[in-house]
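Next up: just one chain, as structure tokens, the form predicted alone.
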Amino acid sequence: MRKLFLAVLIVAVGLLMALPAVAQDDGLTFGMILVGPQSDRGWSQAHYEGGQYVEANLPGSQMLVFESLNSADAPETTLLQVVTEMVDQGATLIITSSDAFEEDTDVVAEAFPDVTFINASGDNAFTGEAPANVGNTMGQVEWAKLIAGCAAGLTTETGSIGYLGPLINGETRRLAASAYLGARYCYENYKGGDPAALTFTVTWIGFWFNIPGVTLDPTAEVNTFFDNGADVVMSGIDTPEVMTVAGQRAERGESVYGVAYDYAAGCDVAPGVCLGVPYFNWGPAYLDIATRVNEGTYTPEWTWNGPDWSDMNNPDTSSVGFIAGDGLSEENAASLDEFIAMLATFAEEHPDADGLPTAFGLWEGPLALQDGTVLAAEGEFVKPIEADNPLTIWYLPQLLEGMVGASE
């Protein structure tokens, strides 16, 4: 009994330490639950800074943060425990910032029907599976991944690009595939290479970041890419190992480059060899949701927010962006600008319908999955999302034909 009491006490104290006391006032108190550290220079930090954006722009708002809720860093802490503590401190909006929390969010939300829950990257509100108080939001980072892939295709001299992926699901497959499509297009149309000769290899480590003894070691996998002939490695995980390794090898005189992911300042790890970073800007979407929750006008919904093509790096208007890195040559930077302008024109010609993109640039047939299944015939665009249709971008069931790596 004493051991049980001690275990409960440790969990309770840990929660109290993680969640600073909040003074009650008329403003909005909201919870931000992160799968990784708030300073990971990746996915979790981008969400944390999105919450700070809300605090800076919604008077009286206050954010409660719980970081690193995962089986390695907090194995005995549950989402229910964290949410209960946040609600006890006055939170009326809870943001769970990972697809790792999607199913648990729906379960926990049913215990707090008067609290609004937002799960970032999920789609249960779209499919109708979510409780009435749960919404979803995601950024159309597929556009930025196309651009990132283009930067890789423009730069590679060996014709071999590595892509470091996390776990395997529809989201991670479609983002890797977007990068591949961008790389293939720019390798052929700007660099003059044979797209069939371009090697684009995906290695999945098993989670969004390194968990010793559970995942593959991302540092070792990046080194393996370079050792096997890749001269550009793209990151699809939450943490900056790709840029760290690329920077180290460049310091030894190797001609290698990296593409960061998730976080606008991702190139800062090794700026000289960074080709750029496709990133999420969660602030505008979170501010919109928080404002409506505070006003009592928010109705849970599923949103897939696109870039502001007039300035995709505008922190107040664009949900996703791409920042070109110092590793791009002047010639390749000019070609990349042309490519971005082409995508912007495409987006203008294929406007959103009911808040959804009608088509994504380069996701045009002929395209097939790895097993040969036709995804889109020549001249047809792959549908961005459609209920009960796995042959869409959102639910992409396999990697694309031409990519090397596991699909399941």
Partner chain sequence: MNEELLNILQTLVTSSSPLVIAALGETITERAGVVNLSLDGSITLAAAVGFIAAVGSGSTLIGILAAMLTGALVALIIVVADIELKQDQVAIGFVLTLLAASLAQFIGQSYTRVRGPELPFVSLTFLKDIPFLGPVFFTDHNPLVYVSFILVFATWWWMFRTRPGLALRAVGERPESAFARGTNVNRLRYIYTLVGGALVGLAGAAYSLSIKPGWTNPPAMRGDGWIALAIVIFGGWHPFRVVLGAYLFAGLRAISSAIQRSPDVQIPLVLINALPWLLMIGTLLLVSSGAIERLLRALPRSAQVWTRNILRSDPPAALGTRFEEH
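Positions refer to the first chain, counted from 1. A quick note: this is a predicted structure, and the numbers were derived from the prediction, not measured.
Below, we turn to the form predicted together with its partner chain, even though it does not appear here.
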- [ ] Go through 302 to 310, 114 to 122, 326 to 334, 239 to 247 and give me the stretch that gets within 4.5 Å of its partner chain in the model of the complex, heavy atoms only.
- [x] 239 to 247
Task: Partner-contacting position among 156, 294, 203, 140 - heavy atom within 4.5 Å of its partner chain in the model of the complex - done: 203
TODO: Could you spot which one of 319, 133, 136, 215 gets a heavy atom to within 4.5 Å of its partner chain in the model of the complex?
DONE: 215
Open item on the list: Is it true that 39, 73 and 224, all three, sit within 4.5 Å of its partner chain in the model of the complex, judged by heavy atoms?
Closed with: yes
TODO: Answer with yes or no whether residue 209 is in contact with its partner chain in the model of the complex, where contact means some heavy atom within 4.5 Å.
DONE: yes
TODO: Determine whether any heavy atom of residue 189 comes within 4.5 Å of a heavy atom of its partner chain in the model of the complex, and answer yes or no.
DONE: no
Open item on the list: Is it the case that residue 219, even though its partner is missing from this view, gets within 4.5 Å of its partner chain in the model of the complex, heavy atoms only?
Closed with: yes
Open item on the list: Please tell me whether any heavy atom belonging to residue 288 falls inside 4.5 Å of a heavy atom of its partner chain, as the geometry stands in the model of the complex.
Closed with: no
TODO: Determine the residues of 254 to 269 with a heavy atom within 4.5 Å of its partner chain in the model of the complex and present them in sequence order; the list may be empty.
DONE: 268, 269
